[in-house]
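Two separate entries follow, structure 1 and structure 2, each one form of the same protein chain as structure tokens.
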Structure 1
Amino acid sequence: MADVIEVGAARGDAPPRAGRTRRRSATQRGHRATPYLFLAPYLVLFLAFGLAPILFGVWISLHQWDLQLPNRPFVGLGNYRDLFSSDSAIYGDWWSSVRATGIFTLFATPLLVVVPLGLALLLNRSFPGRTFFRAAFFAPYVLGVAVIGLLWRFLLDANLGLVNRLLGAVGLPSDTPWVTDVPWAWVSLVGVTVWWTCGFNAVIYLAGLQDIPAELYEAARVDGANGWERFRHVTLPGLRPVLLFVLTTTILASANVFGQAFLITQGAPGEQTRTVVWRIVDEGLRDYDVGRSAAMSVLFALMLAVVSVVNFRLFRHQED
């Protein structure tokens, strides 16, 4: 055996153990590369349809990018300065749309966090017809914003709408301007949005409720905790990650409202319900000033990023 090893060494052959080590190292490198191979299709799509458009949008925002002109000169931060300069032609319209978006988000978000939670708590109980009610509350969410907007535009019409007719039938005022005057326009937009999307958040809450161990509720009952105390000390802590997800996504979705305002109130009265996304679309596609539109988009994205970071930090502080 020693003679065989000496002959192999004289010919320059690697010892058997070294060969196995090299094969094992190659296998380990292959295992380490496997996750990246599975992620590669998503990374390619993200780079092509996510990161690249974002970077291109930032680049456009640094230019006077008018679709009607052949030249697109570099203006640096000029488009951003126009958004903060009171002498700019777009200053008033921009901040009016920010205010409208803030009003809608401020009133819609709490309702879209609390109302679905109440529904989820009810639908998590055992009672006849529970499956039907779960489907009924979720059903509006499957409809597109165009269907929802046109449907409620007719239902809320001050003269011909079914809502005012029903109110008049029960002796209540039947001439409420639901879509043409404030604060009724905001009541309509917030109410329709809550009716339309609360089913989705309720389903998310239901999934979280079913992950809370039943033993925790039994232990709380044994300790004499009433319903409110069980909700406060068992349900809410168990739903903390779900609450963070629902709150963050609801804020982002509410801030990006467009279709409801465009179809139901059509910006009325005046332009008081014209939101940021609507303003961005008008600036880029109606006025053909894509540079300013891109600057609005980037600034608005930064605002939402700040809100999201603050939200995560607040939840982390509560956990600590």
Structure 2
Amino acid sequence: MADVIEVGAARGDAPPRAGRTRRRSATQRGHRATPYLFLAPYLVLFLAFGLAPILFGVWISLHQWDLQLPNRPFVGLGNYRDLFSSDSAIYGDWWSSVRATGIFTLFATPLLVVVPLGLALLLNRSFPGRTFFRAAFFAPYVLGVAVIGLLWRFLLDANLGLVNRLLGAVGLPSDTPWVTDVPWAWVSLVGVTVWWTCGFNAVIYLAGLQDIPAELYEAARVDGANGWERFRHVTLPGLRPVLLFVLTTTILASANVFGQAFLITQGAPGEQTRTVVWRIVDEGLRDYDVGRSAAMSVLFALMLAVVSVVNFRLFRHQED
């Protein structure tokens, strides 16, 4: 059991008491500015490229802001009010894009958390050809979104695409509108994204799995635990930090979906698959309303912050 505590300590979860006091006294002996000097390079970068742009973005969101127009009148919360008032031109577009992003995230995230886990468990066993399969599942991830977007747009085409032709060949309906009608468009977008990115999460799970000491499995086996019990009581707790990481990054990545919808469904039908990031880009870079675009970004960031906080809370409760 001593081993387990050591593993936790290495990750910084619960540093041994002795270490902590020793470190503190070292700091007291050195100059008080030392830690800040060590932090300084990152702090400068963070202030210049992190915090300052964020604050500037918030400032922009309070204006009617166009890069070229001579006057950029201060409108206070006007841009935000437009997003919430049903008679503004942007209201419908904005909430339909929030809805689109929500639907995508809701369906993509569970799949992108569970499927790669199963994959990682399989690929973690030793069997001939394991390296090949690891590479095969990771391979799509290295392709750019433009490549997979165009590829699947043609494969999924309702009238000319290979997918419908194959379905027809085995006696299934061959006229499914994969890219032009909901819910099929969502099935396509989520499916393509899972195929495209599940290799990445699987690799992270694999690394996490290899971190779980083999002794634990052995001890569990000695205690008479079956496969499912070993998974529940050894694998899952061992993977918890990895799971939290995968879940959080997957939610954020899914919420940022843009390229797949842009290339595969082109927002169809109507604007139903036009996502938030796409809308922000359009508003700022196509219609040049940077103020409104910034307001959308701020609001969207707040939404994601809330989701992430809830996510962390849930995990902490589980640990208690």
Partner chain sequence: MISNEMSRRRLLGYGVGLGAAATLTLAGCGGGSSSPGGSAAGGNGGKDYTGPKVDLKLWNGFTGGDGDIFKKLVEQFNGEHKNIAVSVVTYEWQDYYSKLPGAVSSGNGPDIAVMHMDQLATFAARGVITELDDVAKALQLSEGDFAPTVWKGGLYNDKRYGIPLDMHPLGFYYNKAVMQKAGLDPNKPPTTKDEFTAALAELKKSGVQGFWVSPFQFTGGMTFYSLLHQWGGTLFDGDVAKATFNSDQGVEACTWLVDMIKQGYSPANVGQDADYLALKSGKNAFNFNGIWQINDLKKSADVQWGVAPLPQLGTKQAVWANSHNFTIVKQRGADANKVSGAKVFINWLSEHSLDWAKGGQVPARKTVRESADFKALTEVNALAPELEYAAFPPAVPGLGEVMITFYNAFNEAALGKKTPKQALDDGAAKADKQLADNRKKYGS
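Numbers follow structure 1, counted from its first residue as 1. Just so you know, these numbers come straight off a predicted model, no measurement behind them. Take the two forms, superpose them, and find the largest set of C-alpha atoms that agree within 1.5 Å; that set is the rigid core.
**Q** Just flag whichever of structures 1 and 2 is the form predicted on its own.
**A** That would be structure 1, which is the form predicted on its own.
**Q** Just checking, between structures 1 and 2 and with the core aligned, does G50 shift 2 Å or more at the CA?
**A** Superposed on the core, G50 moves its C-alpha 2 Å or more between structures 1 and 2.
**Q** Inspect the rigid-core superposition and answer whether the C-alpha of L67 shifts by 2 angstroms or more between structures 1 and 2.
**A** The answer is yes, as the C-alpha of L67 shifts between structures 1 and 2 by 2 Å or more after core alignment.
**Q** Once the core is aligned, what is the C-alpha displacement of L37 between structures 1 and 2? Give it in Å to one decimal.
**A** With the rigid core fitted, the alpha carbon of L37 is displaced 5.6 Å between structures 1 and 2.
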